[in-house]
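Take a look at this one chain, the form predicted on its own, written out in structure tokens.
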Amino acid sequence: MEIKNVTILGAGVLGSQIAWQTAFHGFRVTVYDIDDKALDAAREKHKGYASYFKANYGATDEDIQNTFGRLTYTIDLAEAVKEADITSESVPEVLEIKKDFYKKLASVAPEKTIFTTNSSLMVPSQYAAETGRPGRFLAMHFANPIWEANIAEIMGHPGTDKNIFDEVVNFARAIGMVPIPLFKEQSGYVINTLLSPLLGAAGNLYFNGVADYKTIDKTWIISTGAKSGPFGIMDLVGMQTMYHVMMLKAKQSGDASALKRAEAIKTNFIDKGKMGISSGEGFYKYPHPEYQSPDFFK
């Protein structure tokens, strides 16, 4: 099957990026979210990405005009997927929300449509049954921002059709990603399996009062040559995701410290609108965080 029409389900930080990247690479893209406010926010993000691509990737005015011409937006789920060859889902990281959403999606999507999830925390088998097409369902996970961290981790479940898996690998490559195929289900894929211990160790140092977050980030950046430290990464990931990660860990393991950290993130960040880079402030203020200044390392 030739993939031409792509539907992005969820127009948040990553969903809006996936939509732009896919349209820029020549695919017709429909962006779906539950209300006009979310779609208006996605449109604004796309205007920003247009400027960024012109400034950093040599995109021409024609490239940008053509990209916008391939983007449409809707709050009608049936309308969004009526011609979809493939979908990319980025709805909230809560299992019951995922299951409920896929039941609704399965009832309106054509039989041909391949479903992919961008879930960071869960594996496809946890809600494959709800898709109504387990053979045509798998994960295609992106890192943030997707045009700089341009990997697409492709992970099936035991019931995923091998031919569908290969089609998604080829699609990821066609939209400018480097496909990262996984041979079995792994919560966290490759990138988050590597990243989680780092963020967890940083959290231990910070929440246990060993060092402040700037000192921890400074140590990591100087020692490894990384662009940012673990708390800068948390801002990039977003506080909502960090909260869900901590809550899931607390639920699965009964870890009281994880629950405490989740509550701290909610109280000190989410409740104050400090969602990370997406809102302009998390641990640091953006677009010019302290760790990008030479003075940070004095």
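As the structure is a prediction and not an experimental result, all values here were calculated from the model. Each residue number is its position in the shown sequence, starting from 1.
Below, we turn to the form predicted together with a small molecule, even though it does not appear here.
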**Item:** Per-stretch contact check against the small molecule in the predicted bound form, the hit in 197-205, 220-228, 170-178, 91-99 (non-hydrogen atom, 4.5 angstroms)
**Value:** 91-99
**Candidate spot G15, I34 and S119, all three touching the small molecule in the predicted bound form (heavy atom, 4.5 Å)** = yes
**Item:** H141, heavy atom within 4.5 angstroms of the small molecule in the predicted bound form
**Value:** yes
**Message:** Test of understanding: in the predicted bound form, would A38 fall inside 4.5 Å of the small molecule by heavy atoms?
**Reply:** yes
**Interface membership of G10, the small molecule in the predicted bound form, 4.5 Å heavy atom rule** = yes
